[in-house]
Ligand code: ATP
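What follows is one chain in structure tokens, specifically the form predicted alone.
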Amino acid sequence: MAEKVKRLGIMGGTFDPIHYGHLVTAEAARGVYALDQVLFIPSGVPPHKDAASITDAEHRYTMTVLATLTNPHFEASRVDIDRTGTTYTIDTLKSLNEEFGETVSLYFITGADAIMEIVSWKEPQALLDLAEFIAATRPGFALEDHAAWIDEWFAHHGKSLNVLQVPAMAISSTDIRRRVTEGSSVRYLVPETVEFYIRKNRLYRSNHRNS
């Protein structure tokens, strides 16, 4: 009997730090698309961000591990931070495809605002060939304003976009870093384990140099 195909969700991002918005989105995608597992993959060296401004990868990976520990369907992966050079999504998907082969179907989960940038990503056609794409709605971004353009672009590449409605949680890593720097509370924005790790390692303080 042939092995059952596993549905694997891919949640990529800087995770600087990971927060409840990421976790809620991943859990919503898992339920709606019947995903067997969701891999959280902290980026190594993102192509669209200044590497010097990003917290050390080991800190970001550890926070991701702490945030996902209590969900048996979530797992943190080092596939991007252990790979040298700039982190491109196509390389991540190729690596996972090589690892799992035809026994796994990949579902890449990203924000509805980020999906607008997919045309500038490396090898967009190959991306669509390797994974289904799930665009999660976010506060302040009306996907319907761009729906016709998105549908046309995906259709041109022989694919369709999966749109996921998630609870309106206006949480961002940028705001969390600002709050920590200012000495404001981040309770209920990040898991307690992540909050403790940030405090213990003095991350995002004015005298912290991301290492």
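Throughout, we count residues from 1 along the sequence that is shown. Here the structure is a predicted model, which means the values were calculated and not measured.
Omitted from view is the form predicted in complex with the named molecule, to which the following refers.
At a distance threshold of 4.5 angstroms between non-hydrogen atoms, residue 159 is out of contact with the named molecule in the predicted complex.
Taking non-hydrogen atoms only, residue 191 never approaches the named molecule to within 4.5 angstroms in the predicted complex. The closest non-hydrogen atom of residue 113 lies within 4.5 Å of the named molecule in the predicted complex. Put simply, residue 179 is far from the named molecule in the predicted complex: not one heavy atom of it is within 4.5 Å. Partner contacts here mean any heavy atom within 4.5 Å of the named molecule in the predicted complex, and among 130-138, 67-75, 99-107, 80-88 they occur only in 130-138. Remark: none of the three candidate residues (9, 92 and 122) comes within 4.5 Å of the named molecule in the predicted complex, counting heavy atoms only. Taking the named molecule as positioned in the predicted complex, the only residue of 36-63 that brings a heavy atom within 4.5 Å of it is 49.
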